[in-house]
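Shown next are two forms of a single protein chain, provided one at a time as structure tokens under the names structure 1 and structure 2.
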Structure 1
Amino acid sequence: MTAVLQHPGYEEERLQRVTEQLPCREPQARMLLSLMGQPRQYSYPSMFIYGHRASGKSHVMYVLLKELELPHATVSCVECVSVALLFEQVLLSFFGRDAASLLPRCPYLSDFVRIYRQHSSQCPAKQTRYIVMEKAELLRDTDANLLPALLRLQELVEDNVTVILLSEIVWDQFRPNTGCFEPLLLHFPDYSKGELQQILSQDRHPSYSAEFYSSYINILLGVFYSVCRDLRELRHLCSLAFSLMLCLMSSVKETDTHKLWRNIEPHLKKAMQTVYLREVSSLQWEQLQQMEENECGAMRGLSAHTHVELPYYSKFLLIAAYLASYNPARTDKRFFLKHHGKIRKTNFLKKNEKTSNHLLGPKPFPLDRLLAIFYSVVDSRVAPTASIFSQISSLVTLQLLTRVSHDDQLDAPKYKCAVSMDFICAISRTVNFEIVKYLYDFL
């Protein structure tokens, strides 16, 4: 189906092996090969390859460089927290340990280039050397000179070296202010549905027929394709749900696709809410399926554990903070004063307050307002002791409140409430407080 890659300068059988390992990435591999040229020719100084997650960027580079046995250094920018690590890794894979040990403790780019030049003049490149940088978007956060220098490394070290940057983000977001050497841009397109199916059906269970497995994948893609196109995620789900499928299989024949679909589809939909969001770990999910009678998803996932035990006054403080965050200050009088008179909602609608506050998010409020609301929602008389104030600050450390004003501002600090509606409803139920009656949005 796919034509074997051909390029002068490389052995046929190696290219054959490369082709086998790169399903659906053959045009990209051919493009790369023609840009790389023969091993001893100079290649373009830098290339920038972008594409979605799991579109085979690193895989294609890895297979090409490994199978064709080209000298290369693969560097992940996540691991290289300092440039020293980066330089060391490159020198290590090109010139061995002695070169890497020559680097001073905190090397400059200039040291790296000097050592590289020294060694490359001793053993000049017979083949193009490749430096592959994965997750190149992190290079932008390091030293401002690093990215422009890497892009023209071929010129700086005067050696046959090519830098290949892999990233998920487009090149426009990389370009420095004063410009730089423009790399060749290559795009790895996303896999289409047919290609995904083809790749996913490669790792089928040998004891089942190919048609059966591909119809299973078809069902799986039907559920997940509109949400997720990440090959790795789909593959993970695929292998997980297959065991579940086998449990259900006992009553159904292999060829009866319709029945199969009816049986497995609801389970897959549930998997989207549990496994896909990592609410339930994949191990737990497998265990659930062992216990047949237990409906999967009945187990409480991570996000169901939102209930937090708080002291009595902390609960009221949090409720007061929520009310202060989501109600406009002008309505406080109406909610919390005894003889407020009748004010209709429409009377104090302002032009920019038409949208609900639960859409815009919490607003900051001063400490005084929090305390005033607190005293009016708590039934008993509470003294403003140190314990009340320390409870406020411990709510901040628990990240249930956030402090908006600067840390050094001791008088009249401002806060925001950072809990969700469900959470505060659960809290107010435990203290028999009907919070919905006090919320302006739900009037």
Structure 2
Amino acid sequence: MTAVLQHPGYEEERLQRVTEQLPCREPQARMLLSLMGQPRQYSYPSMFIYGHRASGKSHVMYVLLKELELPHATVSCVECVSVALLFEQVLLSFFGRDAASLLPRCPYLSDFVRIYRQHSSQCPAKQTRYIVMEKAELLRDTDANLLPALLRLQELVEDNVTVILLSEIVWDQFRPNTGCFEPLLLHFPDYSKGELQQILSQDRHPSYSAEFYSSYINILLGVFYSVCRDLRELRHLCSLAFSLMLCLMSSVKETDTHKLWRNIEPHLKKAMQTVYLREVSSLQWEQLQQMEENECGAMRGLSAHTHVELPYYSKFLLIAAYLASYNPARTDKRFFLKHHGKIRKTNFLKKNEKTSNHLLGPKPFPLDRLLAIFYSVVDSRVAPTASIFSQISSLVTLQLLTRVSHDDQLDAPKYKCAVSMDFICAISRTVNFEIVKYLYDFL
């Protein structure tokens, strides 16, 4: 049983509700309460809360501010694309529409401080006001004086206000070069496997026993925990795969966990290959369930590679990466030059190339080779612009490409293609490119 949070400045009933809504995050909530102090006390001017995605940063802050009824302004740095929107959101949350309307069209920081001080003197804070900045790493791209000013806003506006920055990166990569006021740092670690099971088990349907749903969550985490520890992604997968589990229940008893695992494991492992791409949609799981009910042989199209939406040039970049990973470098002349002369396949064979390259797995390739193949296979002439390089970074982010060189190796980075043969064939069909003709193993 988790201990209820305790704080002399708040009612026990409110703290009880906070504890119930923050499973496995009681230590962080307790630390935040101690840093915030009692409602009427001056809190620390700024705090920096960091941790990986879906580690509970925003949820903990939202529950504390809502249940304890603390005055606050929540600002999303993704939505506030300009400084004017940021200032307007803060003034609107604390002082209403009249204060926000006093901002000029292109406000400076001095305008915001002047209006804030004017209204805070008319309506002094009875308790600490909190400004929560979500995705705060985007503040690094704004004016150079904005972040240092927010960190010491309490001093500038002479009001009991605390700025809380939520970010996925560490403070060392966040700190301005010119120096600034150092905030209090609080780290939110990733959920452990046991904590994920405890949180996901709370979403069970009341029609099923807690033991059965806990066994189901244990099966799912046994497959996905090694590749995905994002709570939101896992919760999405739990809701999709549970219908498949219910389909298998027609022939398997609830207590027969081993048989359930044996039946559902192959389907979960296929879904694991594209977990972050969200290729496994609700519709595809419904189709899979119909296939199970009709006993239609092997599974086809669980990953639904033909439904992956990529930009036009990104598809050719991925095709070029696949060719660079599975073709020996010395065969590029044979495939991509018009007047290469007669070259026999036996001239290329070495001891390590007598085995199929697809059996040996993808090999790393440099960036210049990827671009050379890309410009050879793409239909139209493409200039080497920043857009092409940004699409390569996007493919790495989507885990379709893997960077194998060190981050400090900027002059000649190396990559490796991370997609299967079926995937690249489906992508090639969408751009009418016959990739089999360009693969050395299929000559």
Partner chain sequence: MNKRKAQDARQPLGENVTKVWMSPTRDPSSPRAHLLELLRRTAVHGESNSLLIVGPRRAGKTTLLRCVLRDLLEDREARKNLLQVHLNGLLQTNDSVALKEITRQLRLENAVGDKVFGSFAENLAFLLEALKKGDRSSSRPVLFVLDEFDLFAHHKNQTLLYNLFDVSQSAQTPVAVVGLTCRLDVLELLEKRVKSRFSHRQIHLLSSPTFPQYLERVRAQLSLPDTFPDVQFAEDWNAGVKVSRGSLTGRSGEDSGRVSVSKPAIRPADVLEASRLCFADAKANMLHGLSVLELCLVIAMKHLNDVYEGEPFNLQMVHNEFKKFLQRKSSSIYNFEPPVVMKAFEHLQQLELIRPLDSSAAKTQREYQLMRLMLDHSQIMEALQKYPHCPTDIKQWAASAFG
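FYI, numbering is relative to structure 1, first residue = 1. Rigid core (definition): largest C-alpha set, two forms, superposition within 1.5 Å. For clarity, every value in this text was computed on a predicted model and none was experimentally measured.
Shown second, as structure 2, is the form predicted alone. Gln21 is not among the residues whose C-alpha shifts by 2 Å or more between structures 1 and 2 once the rigid core is aligned; its shift stays under 2 Å.
The two forms, fitted on the rigid core, differ between structures 1 and 2 by 2 Å or more at the CA of Leu318. Relative to the superposed rigid core, Pro328 undergoes a CA displacement of at least 2 Å between structures 1 and 2. Core superposition gives Ser420 a CA displacement of 12.2 Å between structures 1 and 2.
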